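Presented below, as structure tokens, is a lone chain in the form predicted on its own.
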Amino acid sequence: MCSINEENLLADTMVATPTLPFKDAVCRKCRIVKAQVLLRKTDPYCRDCFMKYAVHKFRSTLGKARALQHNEHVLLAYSGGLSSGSMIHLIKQGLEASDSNKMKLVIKPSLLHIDEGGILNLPKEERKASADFILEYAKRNCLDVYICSLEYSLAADISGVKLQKNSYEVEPSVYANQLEQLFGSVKSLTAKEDLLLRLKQRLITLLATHLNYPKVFLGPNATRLAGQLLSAVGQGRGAQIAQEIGFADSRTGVVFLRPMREFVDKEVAYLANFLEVDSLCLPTLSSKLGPTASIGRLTEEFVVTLQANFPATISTLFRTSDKLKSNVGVDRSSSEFKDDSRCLLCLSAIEESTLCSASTARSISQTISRSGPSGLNDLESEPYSTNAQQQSAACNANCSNPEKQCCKTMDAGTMKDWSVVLCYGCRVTMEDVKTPELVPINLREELRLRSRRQMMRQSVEQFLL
């Protein structure tokens, strides 16, 4: 028998990595210059060797994916933070590379900034000052910049979006009150953060398509993505990890790339310091709140705390996530691709609702918790049916009764059932939204169309043998 008990096993395995004495440490690369950087608690680097290491990591992340073509137009999403600012500086160095040993980046970049001051209740003067900082930053780097307000993410199409190039004025928008009411109706901070992410993704896709930019660079680093990885699993988005966390995400038709996904927060801080990157400090939805305010905040706090003592935490999470892929993929170029098979918000594949699915289990749990033990007896005596099946039965009864309203005019009922058009993760988010009628009008129209098609299929299936 093994003589090691659980207490001894835990004590032997969960030992934090000891920190190397940094005083008078020499660079582990050149073995000559005094170290200025300490990575992973045991790897000292001088400034020059660290910059070579960082540039190589950035270029290899782009190179091994072979995602860029010669003279391709690329939109750089710039939030004003250190990560996206460091990304822009590394791209500028690649465009101006004079070293014969390094391949020059041959792309045509422009900046894109989304003004989120509307949902953060920032005054007009502060929003204008932030935009002026972005404009000055773009001017110093000789890049064009496009600025758009987040309110226009609720527009039905690009004709309702006001996009400003190399200038920005905070003007009242017809969607400002709608956006404020939409976020005001959301119950939890977790749902607010997820809804914000989906609306920004939708707006950037509209703008990139309009400007004819096939690829968009995003700035989140490894620490942020590792927190999003655990958060995605906790919110029921495990099937979407490959797109949410991976280097490339092509669900929207525009390819989103994450070239900073190999850098942790500490490396980004050193990089920004050596490159003299200016940053803009903007509040977020979770500013001044504790680590338990949302699932995303809690998982990121957990990853950061664990990474401090165990430097291999984030790399282990990434190696695991890179091996995970969904069995149901959405390939827009495939001939078998159907619009009804993808989620309206995140554009991921909608898993079919079966008796063994997570959505069915959650619905059964909700029914039992709300109705008590009697609900369990009802479920055992009657076969479980989904919301779409229940609506179809009600629809058939109403259509056969001349005194009742036909299903084609029952838009109020179909507006409440988002399960037809959303994946499981977005369904959980929309359940926290009290006024879903405030979402973009084209999404509401698509909801009505898909709901009617679903009810028609249910009706036809009853007559098929």
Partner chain sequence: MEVSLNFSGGAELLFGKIKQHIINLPAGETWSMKKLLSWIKDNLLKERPELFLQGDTVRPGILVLVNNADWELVGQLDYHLQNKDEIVFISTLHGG
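Remember, predicted model here, so these are calculated numbers, not experimental data. Numbering follows the first chain given and starts at 1.
A second form of this protein, the form predicted together with its partner chain, is not displayed here; the remarks below concern that form.
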Since the chain is shown here on its own, which stretch among 48 to 56, 427 to 435, 29 to 37, 62 to 70 would lie within 4.5 Å of its partner chain in the model of the complex, judged by heavy atoms? 29 to 37
89, 182 and 203 each touching its partner chain in the model of the complex (heavy atom, 4.5 Å): no
Indicate whether residue 258 is a 4.5 Å heavy atom neighbour of its partner chain in the model of the complex. no
Indicate whether its partner chain has at least one heavy atom within 4.5 Å of a heavy atom of residue 348 in the model of the complex. no
Residue 300 within 4.5 Å of its partner chain in the model of the complex, heavy atoms: yes
Report whether the minimum heavy atom distance between residue 266 and its partner chain in the model of the complex is within 4.5 Å. yes
Heavy atom within 4.5 Å of its partner chain in the model of the complex - residue from 248, 289, 176, 233: 289
Which one of 160, 214, 283, 238 is close to its partner chain in the model of the complex, taking close to mean a heavy atom within 4.5 Å? 283
With its partner chain taken in the model of the complex, which residues across 69 to 91 come within 4.5 angstroms through any non-hydrogen atom? 79, 81, 82, 83, 84
